[in-house]
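Single chain ahead, by itself, as structure tokens, in the form predicted on its own.
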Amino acid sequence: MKIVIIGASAAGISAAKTIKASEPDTEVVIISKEDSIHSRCMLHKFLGHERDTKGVNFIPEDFFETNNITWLKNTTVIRLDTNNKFVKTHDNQEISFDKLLIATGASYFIPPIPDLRESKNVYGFRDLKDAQLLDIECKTAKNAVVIGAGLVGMDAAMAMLERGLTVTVIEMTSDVMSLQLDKKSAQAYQQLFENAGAEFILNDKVVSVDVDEVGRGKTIYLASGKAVPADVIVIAAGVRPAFNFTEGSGIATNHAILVGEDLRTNVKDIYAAGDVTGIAGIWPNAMKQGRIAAINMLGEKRLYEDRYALKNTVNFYGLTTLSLGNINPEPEENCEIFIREDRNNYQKIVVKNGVVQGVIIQGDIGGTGFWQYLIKNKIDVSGIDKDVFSLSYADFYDLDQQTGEYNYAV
């Protein structure tokens, strides 16, 4: 059997490892537009000069040779023929497959703002090539502007602060990392960044860019009327799953590739995993999706069940936060919100009808793994006679008297 994997990031590499570990004789071909393997989570460390290109690589240097995997790098898939089972690349190769995994991730999107797309000093921060280009810019730039204060934007901002640039972060919402945090936990990070020299402009948006005689953006104008100088501009305001090559293939999509619980598309023998599916787009989830998709391509049956809750672990300037599930419920959801804080910690638990909906643990996050289980399995905690903040693993384990092992109570 021949399996082709499009994409060489978390999901694609995880799938390839799983296939080769289970069935070493299966032919595996990985096609990627990049010429390096790297962890997207480590790009800020590369830009901040904490790691080099080898330091952001998450596989052994001999991974492809040892596992007998064909890697077609610097190669872009431009068409997928699902009837005849082949993909066509930009250099006119037609690569056949028995089964296919689409793990092409997502790409950054430049908003249609006058002169922003045309500016020669505008970059994303999604892959190593982006980081390498930004690295060159940081050698001479003084003023950096980051558009978007999500996780990617904050990563880029921290790296450029470490390089000595003056950094301004522009965000349309009222808080940084609004998808991962609530106002209280977000303000803690904003303060840390401001202490490091960053400036935040919130509740505002870019409306135009003034470019110089060589086509580089030099001033960003905001809806509020503010003007921000910019030697380098990073777009971190949103991404789009990358699946243009599937047009006309019959694969069902909306904003992403649609998959079932087994991560198969609506077309037989074609699967998708990672950011391209639009499901829980964080690194550990992408790795798990790749692994489960591989198992199913090999003929077993495994379901991906982690759609239930968004999970993030945030760590900037030594402050760690675990964020799970619905942490910012709307008033009409009629949730109870419990908050406990002290000098070094902030904790927030969102409960509805006795079932935990969301959790923020900022500071010491040790021993908090059970919260994910509670949210996923919709465990009713109302019958436990203790304060919600005092819950622990012990409250949800039962001892099996026959095996002597502990099992989660359900």
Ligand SMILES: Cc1cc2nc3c(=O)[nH]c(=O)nc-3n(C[C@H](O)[C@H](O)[C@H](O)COP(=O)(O)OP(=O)(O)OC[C@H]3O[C@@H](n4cnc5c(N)ncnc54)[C@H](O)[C@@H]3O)c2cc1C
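If you're wondering where the values come from, they're calculated on a predicted model, not measured in any experiment. Start at 1 with the first residue shown and count on from there.
Another form exists, predicted together with this ligand; not displayed. Remarks below refer to it.
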Self-check item: Triplet D135, R216 and V234 all within 4.5 Å of this ligand in the model of the complex via a heavy atom
Solution: no
Self-check item: this ligand contact at K288 in the model of the complex, heavy atom, 4.5 Å
Solution: no
Quiz item: So in the model of the complex, does any heavy atom of A8 sit within 4.5 Å of this ligand?
Solution: yes
Quiz item: N266 near this ligand in the model of the complex, any heavy atom under 4.5 Å?
Solution: no
Self-check item: Any non-hydrogen atom of F245 within 4.5 angstroms of this ligand in the model of the complex
Solution: yes
Exercise. Taking 4.5 Å between heavy atoms as the contact cutoff, choose which of N296, T75, T321, T82 touches this ligand in the model of the complex.
Key: T75
Quiz item: If contact means any heavy atom within 4.5 Å, which of 267-275, 185-193, 332-340, 168-176 contacts this ligand in the model of the complex?
Solution: 267-275
Quiz item: Does any residue in 117-138 get within 4.5 Å of this ligand in the model of the complex, counting heavy atoms only, and if so which ones?
Solution: F125, R126
